[in-house]
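Take a look at this single chain in structure tokens; it is the form predicted on its own.
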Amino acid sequence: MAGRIRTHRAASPWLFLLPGLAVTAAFTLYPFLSTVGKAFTDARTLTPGHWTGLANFRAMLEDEQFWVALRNSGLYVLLVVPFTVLLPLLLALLVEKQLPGVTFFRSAFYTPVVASVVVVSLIWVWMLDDRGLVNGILRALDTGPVDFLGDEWLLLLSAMALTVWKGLGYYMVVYLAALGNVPRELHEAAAVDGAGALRRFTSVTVPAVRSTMVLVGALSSVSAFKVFSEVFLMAGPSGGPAGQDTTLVMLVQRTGTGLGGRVGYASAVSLVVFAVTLLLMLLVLRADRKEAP
């Protein structure tokens, strides 16, 4: 009898976890394992394909579009992540104080987060169009229109600006939670010692929220490397002029869909995306450990 009771006690937690584990296995684990398997085949949309070994990865090395996509995704991480780490922290410091009307600004900064990325991207496209708001202002200033959506670099930078702008409010809330745990006595002591606002920021605020900055850096790095919606909606399915603004996830979508989609090749590119995002997270965590006292 005692053995049965112990068995039931050991099995009960797994019974509660079973529905969640089943959903995870069906919608996460199985697709991942299926992708890994198809990456080593010549599978297409309507055919299962045959084992080809590393053929897809060799073809990837010779694919110019893959290197363009890898360059764009890498640039996205290098240029977007520093802004998504620092700007939300500065915003959080601005709206942290209990001032009249600060609730309005908190809501205003967070509004882009809850807005649909499709709607926001279309608004930015209308603003940056040749006859849009931005170029209308530039014409009024006699500086001439700028081809934001026709130049490959301006288009990519515009998509980056959209990504940063849309994520500011989310990471601002994360920083607000971290700043709420910083003892005010530290700021008061630094002020008594004659430290100015900048000195208190670098000596008190930054060390106190360093772990949160690492978290934001890791999340934004993965999100930036896997960017799809912003670039796809602003550059179009072709990936901008001559496909020069294609990202890795856009490449996966383009090559792996349709009746003649190269599912095997798209799966191989997906594995590269997974490996790089995992490497980015490990590098961020390793850097955090080196800086820890």
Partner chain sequence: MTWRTSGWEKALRYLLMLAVLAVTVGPFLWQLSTSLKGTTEDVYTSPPRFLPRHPTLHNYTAVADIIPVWDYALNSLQVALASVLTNLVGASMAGYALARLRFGGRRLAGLVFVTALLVPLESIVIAQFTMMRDLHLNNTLTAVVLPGAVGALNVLLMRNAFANVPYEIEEAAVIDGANVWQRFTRIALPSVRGTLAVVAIFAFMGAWDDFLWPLIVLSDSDRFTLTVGLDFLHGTFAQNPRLVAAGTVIAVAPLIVMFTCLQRYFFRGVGEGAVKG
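Bear in mind that the values here come from a model prediction, so they are computed numbers and not experimental data. Positions refer to the first chain, counted from 1. Here, rigid core means the biggest group of C-alpha atoms that superpose within 1.5 Å across both forms.
As for the form predicted in complex with its partner chain, it is not shown, yet the points below apply to it.
No residue of the trio A55, L86 and T202 has any heavy atom within 4.5 Å of its partner chain in the predicted bound form. The contact residue chosen from L198, V119, V206, L78 relative to its partner chain in the predicted bound form is V119, the criterion being a non-hydrogen atom within 4.5 angstroms. The partner is absent here; in the predicted bound form, the one residue of L93, V182, A218, L157 having a heavy atom within 4.5 Å of its partner chain is L93. Looking at L61, you'd find every heavy atom of it more than 4.5 angstroms from its partner chain in the predicted bound form. Put simply, W153 is far from its partner chain in the predicted bound form: not one heavy atom of it is within 4.5 Å. Taking the partner from elsewhere, S238 is found to have every heavy atom lying beyond 4.5 Å of its partner chain in the predicted bound form. Under a 4.5 angstroms non-hydrogen atom cutoff, its partner chain in the predicted bound form has G136 among its neighbouring residues. For the stretch 226 to 253, the set of residues having any non-hydrogen atom within 4.5 angstroms of its partner chain in the predicted bound form comprises K226, F228, S229, F232, L233, V249, V252, Q253, in sequence order.
For L279, a C-alpha deviation below 2 angstroms is recorded between the shown form and the other one after rigid-core alignment. After superposition on the rigid core, displacement of the C-alpha of L18 between the shown form and the other one amounts to 2 Å or more.
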